[in-house]
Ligand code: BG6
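First, one chain by itself: the form predicted alone, in structure tokens.
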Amino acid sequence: MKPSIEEIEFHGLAALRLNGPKGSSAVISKLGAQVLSWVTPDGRERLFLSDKAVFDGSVAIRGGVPVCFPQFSDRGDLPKHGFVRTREWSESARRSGDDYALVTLETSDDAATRALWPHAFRLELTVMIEADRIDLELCVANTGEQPFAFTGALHTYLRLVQVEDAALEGLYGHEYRDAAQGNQICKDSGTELAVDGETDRVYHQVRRPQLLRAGNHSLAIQQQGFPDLVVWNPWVAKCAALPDMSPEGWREMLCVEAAAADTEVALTAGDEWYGRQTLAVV
């Protein structure tokens, strides 16, 4: 079947389904421009979506790829991870060809956002799928007359069979801030990162690709533009405290996030910034 884009309803939300080549697909909610599903030609769902996720817009949807802007986590005065995850976005472009399907969603400032953060901006998220690959590109435009700085992320939840059996390669030698250990600054000295407890790390200046080795769910991961990379798993106790996660949900996910978390991005008036994350089956 030729690649295409269709309007659908997903858990009661207006969404777009990208039907890619060889049976691949992706679902993007117009609420938050959040990718909620990515299925590869082998029939495997590659993104984790909590079975207790809330879809009414009252809180952010737990799972998929939330867009965090203009603040990462709670490191500022804004709502955690900013305010665009619960905003309605609008479709601004769609294209498809023999080997891809692509859609762009956008949102911009209004009175509600300016009451929280007094800056004019436009965000565009472009999602493209090929047979075994998905690309997400975030564009941030400063449409005002004053400079601003922001932090943010593509907060990607990857689905695993069992996180204890997975390992992330490609971070050797990188400095990171370990939030699970009192924000200690450390240097990664291992050839791979195995998750055996709460993990909450911000790796700095990451330019090399990573390999998530996870049996039949292995993925190559690469980012461009984003200066940091976040690796997060809440583990048992913190997962149990999350109302929109099942008690065993931690076992089935690992967040590997393209981020500007510890490193702000500064934009002068009229300027634009682009950040990308690519996931590919290996």
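A residue's number is simply how far along the shown sequence it sits, counting from 1. For clarity, every value in this text was computed on a predicted model and none was experimentally measured.
Keep in mind that the form predicted in complex with the ligand is missing from the display, and what follows is about it.
Peer 1: Name the stretch, out of 23-31, 229-237, 46-54, 214-222, where some heavy atom lies within 4.5 Å of the ligand in the model of the complex.
Peer 2: After filtering at 4.5 Å, what remains is 229-237.
Peer 1: Considering non-hydrogen atoms and a 4.5 Å limit, which listed residue (R95, R207, R114, K80) is close to the ligand in the model of the complex?
Peer 2: Partner contact (heavy atom, 4.5 Å) among the options: K80.
Peer 1: What is the one choice in D132, E106, D200, D135 with a heavy atom within 4.5 Å of the ligand in the model of the complex?
Peer 2: Exactly one listed residue reaches within 4.5 Å, namely D200.
Peer 1: Do all of R62, F72 and R85 end up near the ligand in the model of the complex, with near meaning a heavy atom within 4.5 Å?
Peer 2: Heavy-atom distance to the ligand in the model of the complex: all three under 4.5 Å.
Peer 1: Given that the ligand is not shown alongside this chain, does Y176 nevertheless sit within 4.5 Å of it in the model of the complex, heavy atom to heavy atom?
Peer 2: The answer is no: Y176 has no heavy atom within 4.5 Å of the ligand.
Peer 1: Flag Y157 as yes or no: does it have a non-hydrogen atom within 4.5 angstroms of any non-hydrogen atom of the ligand in the model of the complex?
Peer 2: Yes, contact at 4.5 Å.
Peer 1: Using the arrangement in the model of the complex, list in sequence order the residues of 257-278 with any heavy atom within 4.5 angstroms of the ligand.
Peer 2: Only a single residue, E257, comes within 4.5 Å of the partner.
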